[in-house]
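First comes one chain, alone, set out as structure tokens in the form predicted alone.
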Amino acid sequence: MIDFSLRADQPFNSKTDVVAVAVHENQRLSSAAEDLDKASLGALKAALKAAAFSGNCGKLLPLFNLPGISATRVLVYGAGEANMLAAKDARATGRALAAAAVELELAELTIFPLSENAVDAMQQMVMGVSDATYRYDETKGISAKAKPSLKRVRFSMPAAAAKAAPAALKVSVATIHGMEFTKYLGNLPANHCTPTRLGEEAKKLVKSHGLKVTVMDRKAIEKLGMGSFLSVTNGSDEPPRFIVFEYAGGKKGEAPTVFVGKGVTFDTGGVSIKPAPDMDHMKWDMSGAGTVFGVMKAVAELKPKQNIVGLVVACENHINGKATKPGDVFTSMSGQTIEVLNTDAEGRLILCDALTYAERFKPRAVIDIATLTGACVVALGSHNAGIFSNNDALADSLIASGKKMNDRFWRMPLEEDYQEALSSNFADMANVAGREGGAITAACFLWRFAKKYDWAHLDIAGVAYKGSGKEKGASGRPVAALVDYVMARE
């Protein structure tokens, strides 16, 4: 775990392994770089000229033993043409600086952000450092690598940002703690991350962070009347869990924000079985649940003066002789009946009962998070998650937080016109419509269970993980946006 902190020194006398300062395009120096160049009697400018350093965002230039500089190494990072770094560029810069420090086997890095938007840039750099230093090793065995040498990252902020920086850094650090927990749970193989394991992890989180948690087993879920949720569990030997986190930071009786996470720890598709290629990706079908875990961890660290509830519906969607069959009808907790036409559209079947359960909290808002549809990936790709909402103000707030944190959402339509496609001759509704607008009709299904409160549905199927390449693994999205959404209400 990286130790992040603030310090108030100059780039030329900073006692650290490496100092990082910004240079713009055309070798225009930032204020920190100007100070360093003066202290080195022009050695910095001379080195930039000799290296023909472009100053483009994403470019790094390592320098060694500049005269008059306490640090033995200087990392110059490109800041582009503008006087501030956009969120995406700041995060990429933090990632690149940390990766360079790790490659050089350094223990400490001191970063001097640009003077304009320094606080926002610092927050993104913290996430970039986390990206570069996060490691998943639990099931690696003998191939596990040594932890990165980088232990401490300091930010030396300009005077204008000094007042706001401590609180912003605290939020950033809590956010990456939440994101790394979300990544950890998501990257566990499905034979390790079972619904039972999620229940155990919830109890551990309570002990370390002072939350209240209730972990319900099948008998308790049956007592609640969650027939839709339980229909998905019929084909699995793994027992389901319904997890309820409660954080009471606000006044007693104050309406909470409720986060609901889809926790399908492995999804075969059931009888409507998925094709074999890429089925290993289905261990990430619990990414919505992982997001709720990450948000609750961050919330417990930050202790906002709000009431927050986290609901996790956890199960496997598997196949045996008792598995749900296409055409079966089940009664949800709301009393509405559902004809299951496709057992691979299981996420909505477990979420709908949790959305009904959320009513008892009389919430100010309910936000569900789920890797719900491949259709959303087709529509939006891997850059934006889909957002559907019955409340414009709620949607706008989430979109604003997503934009700020480079954890973006794109609003999709939620209209009654799409509901007709979910009609059934044998139940109150079917669980799927046709191929057209698949992400929209999935959201419309959930909307039927979210009529009594302000609600947003986040379809994170395209952003929750990378399915191939050296960065294959959970992304931790959209924890950053949701933590910012919570803290923006403080």
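So that there is no doubt, residue numbering starts at 1 and follows the sequence shown. None of the values given here were measured: they were computed from a predicted structure.
What comes next is about the form predicted in complex with a small molecule, which is not displayed.
Remark: of stretches 281 to 289, 214 to 222, 182 to 190, 132 to 140, the one touching the small molecule in the model of the complex is 281 to 289 (heavy atom within 4.5 Å). Proximity to the small molecule in the model of the complex, defined as a heavy atom within 4.5 Å, holds among 373, 231, 110, 257 only for 373.
Contact annotation: of the candidates 246, 328, 238, 344, the single residue with a non-hydrogen atom within 4.5 angstroms of the small molecule in the model of the complex is 344.
Within 4.5 Å of the small molecule in the model of the complex, a heavy atom is found for every one of 262, 348 and 465. Proximity of residue 362 to the small molecule in the model of the complex falls outside the 4.5 Å heavy atom cutoff.
Heavy atoms of residue 151 never reach within 4.5 Å of the small molecule in the model of the complex, leaving it off the interface. Though the partner is left out of this view, residue 316 does not reach within 4.5 Å of the small molecule in the model of the complex, counting heavy atoms only. Contact between residue 32 and the small molecule in the model of the complex is not found at the 4.5 Å heavy atom cutoff.
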